[in-house]
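Just the one chain here, laid out as structure tokens, in the form predicted on its own.
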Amino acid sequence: MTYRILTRMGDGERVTMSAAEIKEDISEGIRDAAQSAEIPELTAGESEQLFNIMAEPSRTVSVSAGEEVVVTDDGCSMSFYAGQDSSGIGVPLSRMQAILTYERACAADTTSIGHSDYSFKPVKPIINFEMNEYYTTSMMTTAPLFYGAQPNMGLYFQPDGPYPNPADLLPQGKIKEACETQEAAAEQLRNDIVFVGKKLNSIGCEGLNLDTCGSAGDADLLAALQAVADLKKATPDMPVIMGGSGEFVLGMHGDVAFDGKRLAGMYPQDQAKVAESAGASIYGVAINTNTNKSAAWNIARAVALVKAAVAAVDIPIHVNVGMGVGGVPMMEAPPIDTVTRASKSLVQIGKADGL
């Protein structure tokens, strides 16, 4: 009987594969990353190391002592009080209670607080309440406390916002109008991020987390980069983290640039470069998971992309390792067996500075 290795698919399905099949998927995942992003492939030794991690029989795996990395988060404490439809467990806790539980019971390296909507636009009108909540909570925490929110430029388009929706204009062939409305929304988003950031800095914010930058395309990423550059001039001592929304910047506008670099089509290594030039303290790369491929394929591909991003910049790279990114299956409650294998591979082979 052929030896079979228990593993998963990108959608979390539990499957068994032979050693040869896993090795082949690792090779294919690496090739796909190299061809897509025009980056070097992993070495034969690194591929073998990755196979050994995937084939390890233990339910969970870990790095060796002394190789641990810092874990940053984007609202993990929300899982305590959020409903099950949002991957939470619905415990009746306040935001502060959840943060303190996460810090003290889970031994978190960092903690964070954010509005339940987790976007800058709805935070702006209630910033005084958020400042008070942040300040009070920061007096109780020991680990670094970040304030997190998404740029989420989609909220600035109709029917939620004031600007015409490019998704309505583009099918009508109104390309110029679609570009103009994105530029206008991006400028408003930039101003809102800077406004919120300055207010939080005034009460001692220990770090601002711009989560899922570029979710509405290249103009969304442009607004985030410009806001970071503005904040680094106005509040130079406040660390700013940027997290990507995907491995490939969608060209919804197609012709916007930052620091002379066109944003549409950027892969993680180039995203990290513009984040660094804007003044970001940490960049969180996001590598999409293919649900039709195996965990071995997805993790190998993520590792190759992350290794290239780490080598491209001097700022720390913290990989997004969650639901459907970083080699982790697309599940609301990702399985620990695959999460730990992805994490170990990204750190030991991809040389990620954090997760």
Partner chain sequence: MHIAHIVASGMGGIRTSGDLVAWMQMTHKMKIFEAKHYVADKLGVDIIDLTNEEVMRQLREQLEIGVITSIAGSPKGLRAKLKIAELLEIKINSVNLFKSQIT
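Numbering follows the first chain given and starts at 1. None of these values were measured; they are calculated from a predicted model.
Quick note: we don't show the form predicted in complex with its partner chain, though the next part is all about it.
- Contact annotation: Glu48 falls outside 4.5 Å of its partner chain in the model of the complex, judged by heavy atom distances.
- Its partner chain is not drawn, but in the model of the complex it has no heavy atom within 4.5 Å of Glu183.
- Interface residue remark: Ala286 is not counted as part of the site for its partner chain in the model of the complex, having no heavy atom within 4.5 Å.
- Although the partner is absent from this view, Ile336 contacts its partner chain in the model of the complex, with a non-hydrogen atom inside 4.5 angstroms.
- Interface residue among Pro162, Gly204, Gly90, Pro122 relative to its partner chain in the model of the complex, by the heavy atom within 4.5 Å criterion: Gly204.
- The single contact residue among Asp270, Asp230, Asp73, Glu130, judged by any heavy atom lying within 4.5 Å of its partner chain in the model of the complex, is Asp73.
- Looking at 90 to 123, the residues that come within 4.5 Å of its partner chain in the model of the complex, counting any heavy atom, are Tyr102, Glu103, Arg104, Cys106, Ala107, Ala108, Asp109, Thr110.
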